[in-house]
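Have a look below at one chain only, the form predicted alone, in structure tokens format.
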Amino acid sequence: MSWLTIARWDARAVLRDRWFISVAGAFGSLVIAAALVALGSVDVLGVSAFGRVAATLIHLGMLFIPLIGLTVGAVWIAGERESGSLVLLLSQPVERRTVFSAKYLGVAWGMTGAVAVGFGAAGLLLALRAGTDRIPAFLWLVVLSSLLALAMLATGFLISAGSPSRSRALGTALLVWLALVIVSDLGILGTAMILRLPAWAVLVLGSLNPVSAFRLAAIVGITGSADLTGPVGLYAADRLGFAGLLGALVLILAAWTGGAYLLGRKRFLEAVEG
């Protein structure tokens, strides 16, 4: 049994998963609805149609992409372990590392496909309504969203690799989602105010959160400046330069993906061989 066979099986399985279909469907529907509302409103205060759509998609991506990636990844291996199908798969002549890698790749295909479909529909509406001159900036948002999806999926697999049950894995994933999306930024702001941290320290703390890194990279990449990111973003752009800031933020997303994947694989191997 090759890794490609397992990956294809899991890619088809995730597209039949009810939870994935429900959350991904809600995400896609909201993306399309938000694009229609933003494109249908009157231009005010010099904000272009693309600017309104981009701002809406960034916020939807920050909420839904981590939710989909964390929860689907968290229940994937834990659910198969609970049902006994994982034991059956591991009894086949296939390496344990291959099993984990193929499952991640299979689910990742489904995740990135859902992101592409949701944003693709919004991109089509944008091209028809506002023209194609901002398509490169829109594609930058799609690439960043895919990177965030891969990072959150890898984190979900890390949670799933050592969880004894589907329910415990799902509960942990929801707590992590809450921490990354809501609690983290509020906690960093509060800590910065209390301790009077310098701008560079706030930047480091904030950008280490992959959701915050996604938001900053999207805003800077789409607008072409760090003006809308606040004093911390301006400080980072001044120190690192425009390209350096974007590169650092993308590197953070890549590091989250690689680090969570490697830790998840290590935890998986310890669990199945222990």
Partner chain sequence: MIEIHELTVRFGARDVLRNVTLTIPCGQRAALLGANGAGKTTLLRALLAHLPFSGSAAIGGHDVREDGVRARALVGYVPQTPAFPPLLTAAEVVAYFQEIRAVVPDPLPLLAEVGLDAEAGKPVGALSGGMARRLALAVAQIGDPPVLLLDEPGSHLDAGGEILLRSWLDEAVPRGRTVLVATHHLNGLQGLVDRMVLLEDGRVRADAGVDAIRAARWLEVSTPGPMPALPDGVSVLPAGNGVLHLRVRDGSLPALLEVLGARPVDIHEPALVDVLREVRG
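Small disclaimer: the values here were computed from a predicted structure and weren't measured. Residue numbers count along the first chain shown, from 1.
The same protein also exists as the form predicted together with the partner chain; that form is not shown, yet it is the one meant from here on.
J.: If we take heavy atoms and a 4.5 Å cut-off, which stretch out of 113-121, 171-179, 145-153, 81-89 is in contact with the partner chain in the predicted complex?
T.: Stretch 81-89 is the one.
J.: Which residue, V23, A13, L262, A255, has a heavy atom that falls within 4.5 Å of the partner chain in the predicted complex?
T.: Filtering the options by heavy-atom distance leaves A13.
J.: Thinking of A55, P136 and F242 as the candidate spot, does the partner chain come within 4.5 Å of a heavy atom on all of them in the predicted complex?
T.: Per the other structure, none of A55, P136 and F242 touch the partner chain.
J.: My question is simply whether L105 lines the interface with the partner chain in the predicted complex - judged by any non-hydrogen atom within 4.5 Å.
T.: Residue-level check for L105: no, no contact with the partner chain.
J.: Going by a heavy atom distance of 4.5 Å, is R96 a contact of the partner chain in the predicted complex?
T.: The answer is yes: R96 has a heavy atom within 4.5 Å of the partner chain.
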